[in-house]
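One chain follows as structure tokens, the form predicted on its own.
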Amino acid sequence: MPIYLYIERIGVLHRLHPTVKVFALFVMFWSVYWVDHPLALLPLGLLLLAAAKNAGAWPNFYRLRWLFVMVILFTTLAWMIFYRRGPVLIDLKFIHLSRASLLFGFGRGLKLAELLATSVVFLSTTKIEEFTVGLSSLRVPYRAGFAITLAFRLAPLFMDSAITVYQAQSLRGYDFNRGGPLERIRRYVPVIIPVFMGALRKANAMAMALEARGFGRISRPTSFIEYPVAPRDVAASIGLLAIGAVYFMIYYTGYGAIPLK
């Protein structure tokens, strides 16, 4: 099973400038943030589906399919409990079902799912090196950008270490599926401890390697790969600015809000 989300492909999204990709990530988050109504979020969802098709990111979406389902389902159910507004359709002790609560809950779940989908498309089309260059081009301090990209780089390595330890313990006859739910959780302790200790060793080795290479001596290091700006990058930037402006206007005019009647 692959532990990285990046998919090697020659497509429009893959060939965009790293700065445009990071800007697209920001614009999508910005646009999703301003609206609550599911119908207002629908165009962004369709845009993300088209982007996923262009990027060939369907395998990553399939791997995370149950996460998308749980995010939408449980968020909708949670807001049916806490969002008590609008004319009541069903009023029980823990559930206040109204048209407003249903729309608000489903909208919140859709927002989280679209944020997750945006991240999946971004990681499917952007290498860690490109992410670093994009952050640097947007004047993000190098140390902060390095810390952000380091998290994306190390998380799959820790997952790989956990899978390796899990398989090694299974080959030695250790049964992770024996007992009830609490017993199964307790039996994963032999995996957690080696992964945690390995993470400490990797962090120490990386700190020494960075110090040996003079990390931090210059504030804006150069990049080995040059990324020229192409006409498609300009067109994509204009389109992203338009999307961000449109969704702010939808919020400003009130069309993205949930009606209470």
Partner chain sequence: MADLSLMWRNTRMVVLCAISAALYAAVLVPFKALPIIPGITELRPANAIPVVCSFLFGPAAGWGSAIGNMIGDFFGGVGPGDVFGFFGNLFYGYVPYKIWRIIADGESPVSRSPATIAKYAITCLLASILCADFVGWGDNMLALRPFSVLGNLIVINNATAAFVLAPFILYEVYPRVRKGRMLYTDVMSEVTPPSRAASALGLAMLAVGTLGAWAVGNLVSTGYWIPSLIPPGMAQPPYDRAIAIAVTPFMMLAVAGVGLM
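Rigid core (definition): largest C-alpha set, two forms, superposition within 1.5 Å. What you see is a predicted model, and the numbers here were worked out from it, not measured in a lab. Positions refer to the first chain, counted from 1.
One more form of this protein exists, namely the form predicted in complex with its partner chain; it is left out here, but the text below deals with it.
The candidate stretches are 231 to 239, 50 to 58, 204 to 212, 37 to 45, and the one lying within 4.5 Å of its partner chain in the predicted bound form by heavy atoms is 204 to 212. Put simply, residue 5 is close to its partner chain in the predicted bound form: some heavy atom of it is within 4.5 Å. Using a 4.5 angstroms threshold between heavy atoms, residue 192 counts as touching its partner chain in the predicted bound form. Among heavy atoms of residue 127, none comes within 4.5 Å of its partner chain in the predicted bound form. Among residues of the shown chain, residue 123 is one whose heavy atoms approach its partner chain to within 4.5 Å in the predicted bound form.
Note on the partner interface in the predicted bound form: the residue among 178, 139, 143, 172 having a heavy atom within 4.5 angstroms of its partner chain is 143.
Out of the listed residues 168, 89, 148, 95, 148 is the one that sits within 4.5 Å of its partner chain in the predicted bound form by at least one heavy atom. Scanning 151 to 171 for heavy atoms within 4.5 Å of its partner chain in the predicted bound form gives 151, 152, 154, 155, 158, 159 in sequence order. Relative to the superposed rigid core, the position of the CA of residue 146 differs between the shown form and the other one by 2 Å or more. After superposition on the rigid core, the Cα of residue 196 moves by 2 Å or more between the shown form and the other one.
With the core held fixed, residue 74 shows a CA shift below 2 Å between the shown form and the other one.
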